[in-house]
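Here's a solo chain for you in structure tokens, the form predicted alone.
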């Protein structure tokens, strides 16, 4: 049997046509997703209903034939499993009880106590490993400790991650303790996903770009290195993608520092820059601007071809520079894929 294209790219192979998947490919831009979410009742109910979560994961594979499916879940399920209260406000996003004091940190569960809550997620992975087409790679994921911590400290998403930076400055011990708990818990969470059938792991550090200088090394690089090192010790050969979004110059050398097999690139840097500075160390994933999924047309075709061309001399997985947005046109996704496979 021919090895899956994404696994070949992650191993460093340069392919004539890059494999493609898309962040948030199971999502609100698809009418079939909206119907399934309505059936589930709300977002968290959808995440924890293994059959329905598997269904929405499979929907974009059926529609588009992506080379990979990514588990449908959310990065904030882990803090919920650690004991914080989590809910979603309509139109405003996630809300959670905060962790900002030594007592609140001490009240959280340990890394080995998360699996009862997260059991349905592992069942979703098992279903997908059975149901996906044999040529489609199954990606599991988690949020990186820093990004997850920013939500736990603020109780919500924030534009500048100010509450997390403030706690880091005011009470370094509590902040570092939370990062450590998230690091060790993420290792256990991702290990269970691999045991259930995930073939690739992706670590999303959506707010890595707000860490500067030594803080970037301490709280973006080092937790990723610990997670990747331990996962690879447990599962030799496991491919891992790291996404330190908006890291800028921090993308350079990130793969070597952390052991990641691939670095995902956002669209705040150009494909040409990433090819010159990041791809020399291995596979790069990215980085079409998600706005093209809304606007479409010839600019989408041209931009897609440019990304393919820029990364054509090294291992590359085509993706967006961030998640597809709810206002995207499904027809534009089909056009992007057609353009990639004809380039």
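Everything numeric here is computed off the predicted structure, so don't read it as measured data. Residue numbers count along the first chain shown, from 1.
Just so it is clear, the following notes concern the form predicted in complex with a small molecule, a form of the same protein that is not shown.
The small molecule in the predicted bound form is approached by residue 204, whose closest heavy atom lies within 4.5 angstroms of it. Remark: residue 63 does not count among the residues lining the small molecule in the predicted bound form, judged by a heavy atom distance of 4.5 Å or less. Among residues of the shown chain, residue 28 is one whose heavy atoms approach the small molecule to within 4.5 Å in the predicted bound form.
Though the partner is left out of this view, residue 74 does reach within 4.5 Å of the small molecule in the predicted bound form, counting heavy atoms only. This chain is displayed alone, yet in the predicted bound form one of 102, 93, 110, 237 has a heavy atom within 4.5 Å of the small molecule; that residue is 93. Listed residues 58, 317, 70, 308 were compared with the small molecule in the predicted bound form; 70 is the one with a heavy atom within 4.5 Å. Three-residue candidate spot 48, 130 and 189; no residue lies within 4.5 angstroms of the small molecule in the predicted bound form by any non-hydrogen atom. Note that among 295-303, 308-316, 32-40, 281-289, the stretch whose heavy atoms approach the small molecule to within 4.5 Å in the predicted bound form is 32-40.
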